[in-house]
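As a starting point, one isolated chain is supplied in structure tokens, in the form predicted on its own.
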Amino acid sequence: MIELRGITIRVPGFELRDIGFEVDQGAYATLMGPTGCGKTSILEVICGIRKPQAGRVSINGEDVTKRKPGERGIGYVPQDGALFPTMTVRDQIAFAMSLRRWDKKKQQRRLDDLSELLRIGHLLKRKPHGLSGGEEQRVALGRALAFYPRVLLLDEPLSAIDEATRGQMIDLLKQVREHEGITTLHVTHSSSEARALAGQALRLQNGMVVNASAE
């Protein structure tokens, strides 16, 4: 469950005030809104890389507002994927598990599970250079999911891939939802993505997040 209460975000020339909403436990929610309205800033506040001027962020009922990003149990896929350029795909996915000092057998089991789910087994020895947009997003998704996060945040994960690949990725995200059962908040500009994926549709408009049908 993701819960925001009274969140204020203020940067030069931009402000969101008193933002509040909930994403239900295990739900797949989409957040839509016009370009520049603050959707990414909200994700950054949830995962802890942006500090709000006011308000509270709770994950599964726990106040995480003052916790560091790595202490929140959140998997985050930024819009550009942000893969480590010198790491192989295997090492990208193992990164969070290694930080948490999982033993090698546990890491391998999770790696095998995600490789099959995301269909990236043939990419494990490669580095990001030369991967297609869809491949990069699958790897970034695997890295975000590897340590069994409590929630998953996706910032326009399908915006930079072609139409044919986008359909495949929507199908894959449905499979991930069924396989992982993780509470997910997915920022998108695409109403078709929202219709295909969202169990809960949210819209940021006029500085407020409101429940909305996936139009």
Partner chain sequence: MRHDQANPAPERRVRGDAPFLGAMVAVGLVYVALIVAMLVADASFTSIGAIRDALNDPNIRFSIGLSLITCTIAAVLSVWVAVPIGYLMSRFSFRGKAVIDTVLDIPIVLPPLVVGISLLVLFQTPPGRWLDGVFHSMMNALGFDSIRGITYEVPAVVLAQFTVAAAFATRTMRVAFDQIDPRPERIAMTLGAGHATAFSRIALPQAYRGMTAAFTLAWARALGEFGPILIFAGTTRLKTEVLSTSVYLEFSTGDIEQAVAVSMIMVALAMVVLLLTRLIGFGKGAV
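Residue numbers count along the first chain shown, from 1. Since this is a predicted model, take the numbers as computed values, not measurements.
FYI, the form predicted together with the partner chain isn't displayed, but the following is about it.
A residue is said to contact a partner when one of its heavy atoms sits within 4.5 Å of a partner heavy atom; R119 fails this definition for the partner chain in the model of the complex, lying far away. Taking non-hydrogen atoms only, L83 approaches the partner chain to within 4.5 angstroms in the model of the complex. Contact check for W102: every heavy atom lies farther than 4.5 Å from the partner chain in the model of the complex. P78 belongs to the set of residues with a heavy atom inside 4.5 Å of the partner chain in the model of the complex.
Proximity to the partner chain in the model of the complex holds for none of G134, R138 and V176, with the criterion being a heavy atom within 4.5 Å. Checking P69, G55, G26, G167 against the partner chain in the model of the complex, a heavy atom within 4.5 Å turns up for just one residue: P69. With the partner left out here, the partner chain still marks one of 56 to 64, 39 to 47, 177 to 185, 159 to 167 in the model of the complex; by a 4.5 Å heavy atom cut-off that stretch is 39 to 47. Contact annotation for 135 to 152: residues with any non-hydrogen atom within 4.5 angstroms of the partner chain in the model of the complex are R143, A144, F147, listed in sequence order.
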